[in-house]
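Before any questions on how it binds or moves, here is one chain, the form predicted alone, in structure tokens.
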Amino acid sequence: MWDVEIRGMASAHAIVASSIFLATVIPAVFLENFSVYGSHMVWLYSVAGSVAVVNIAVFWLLGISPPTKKNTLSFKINRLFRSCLYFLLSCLFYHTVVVLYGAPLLETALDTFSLAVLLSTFTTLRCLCILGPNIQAWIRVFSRDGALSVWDTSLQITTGCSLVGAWLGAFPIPLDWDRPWQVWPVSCTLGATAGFLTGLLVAPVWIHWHRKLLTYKLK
């Protein structure tokens, strides 16, 4: 059972990671003079959109989301509405946090919000896909020893790596190197993306390596 779960996770993570690669390559084919730095907002939303679509499709096909007792149309619409609302609130939350950490309040508000959208895609969207719009389940997963499955553990790892990557990406910005990737928020988005990719790689490897120590019940 462990091997099946871990192989399924590794395959899902590989597909999600591939979507980031495709989101970088495909715009370069269709857009003239496209570059990650020069056309950064195009690249950012291309990555966010690709990761969002692939995450939703993969987790829906795998049936990772927790089962629900209700299956009515009104319940599904309510669930979709709450998921969209939580994602929007997550974007606003990240935007506020980034501003409190020193990002310009008005001058680059759109760029800051775009970073918040990317972070929400890497973190909140995966929570919605794996746990559903259930705040109590989110709190449980990110509390001490709160994971109940390998997917919960992968969520902890990818979320942590994404946030740490964005935080580390802010360090080069104040340096006077005059590099194109130092323009706000390029280094932070690149750091978050690199952190997310690292989490996708590390999660199945770490779980496989420590599978004998993990005692939670698989869903």
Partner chain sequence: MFIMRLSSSVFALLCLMCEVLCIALFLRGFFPVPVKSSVSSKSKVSDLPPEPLTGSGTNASESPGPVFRRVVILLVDALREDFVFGSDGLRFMPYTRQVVERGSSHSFIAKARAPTVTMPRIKALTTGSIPGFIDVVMNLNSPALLEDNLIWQAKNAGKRIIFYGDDTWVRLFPKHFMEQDGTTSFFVSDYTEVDNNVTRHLDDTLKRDDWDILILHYLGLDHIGHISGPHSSLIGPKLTEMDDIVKKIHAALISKESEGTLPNLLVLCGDHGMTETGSHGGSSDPEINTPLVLISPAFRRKGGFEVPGVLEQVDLAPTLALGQGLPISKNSVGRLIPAVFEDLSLRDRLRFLQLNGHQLSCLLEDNNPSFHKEDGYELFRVAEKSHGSWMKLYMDGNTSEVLGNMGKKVLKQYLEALKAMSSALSKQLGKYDMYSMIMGMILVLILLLLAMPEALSREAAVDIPLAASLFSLPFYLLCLLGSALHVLICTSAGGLCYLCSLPWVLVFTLIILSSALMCALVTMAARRMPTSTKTPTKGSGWTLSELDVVLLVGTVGHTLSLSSSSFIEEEHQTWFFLLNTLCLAVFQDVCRKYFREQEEGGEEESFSSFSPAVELGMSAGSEKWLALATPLLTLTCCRLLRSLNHTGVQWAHLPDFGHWLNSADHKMFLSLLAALSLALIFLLIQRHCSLVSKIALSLGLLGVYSYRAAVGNVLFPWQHSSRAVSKLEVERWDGEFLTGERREESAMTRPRRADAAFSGSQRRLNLLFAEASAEVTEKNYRCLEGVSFCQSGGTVEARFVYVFVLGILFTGVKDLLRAQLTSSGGDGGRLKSRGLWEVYSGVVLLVALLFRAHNLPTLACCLLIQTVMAQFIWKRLHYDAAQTTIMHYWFGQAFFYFQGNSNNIGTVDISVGFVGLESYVEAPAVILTALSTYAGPLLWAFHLLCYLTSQRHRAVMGLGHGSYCFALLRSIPAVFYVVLVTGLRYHLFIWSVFSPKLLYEAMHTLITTAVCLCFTFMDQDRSGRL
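Residue numbers count along the first chain shown, from 1. Quick caveat: nothing in here was measured; it's all calculated off a predicted structure.
This protein has a second form, the form predicted together with the partner chain, left out of what is shown; the following refers to that one.
Visitor: Counting only non-hydrogen atoms, which stretch in 153-161, 51-59, 174-182, 30-38 is within 4.5 Å of the partner chain in the predicted bound form?
Guide: Single hit among the candidates: 174-182.
Visitor: All three of A103, S143 and W167 touching the partner chain in the predicted bound form at 4.5 Å, heavy atom to heavy atom?
Guide: Looking in the predicted bound form, the three residues A103, S143 and W167 all sit within 4.5 Å of the partner chain (heavy atoms).
Visitor: Which of these residues, V97, L88, L80, A109, gets a heavy atom within 4.5 Å of the partner chain in the predicted bound form?
Guide: It is V97.
Visitor: Please run the contact check for S74 against the partner chain in the predicted bound form: heavy atoms, 4.5 angstroms, yes or no?
Guide: Answer no; every heavy atom of S74 is more than 4.5 Å from the partner chain in the predicted bound form.
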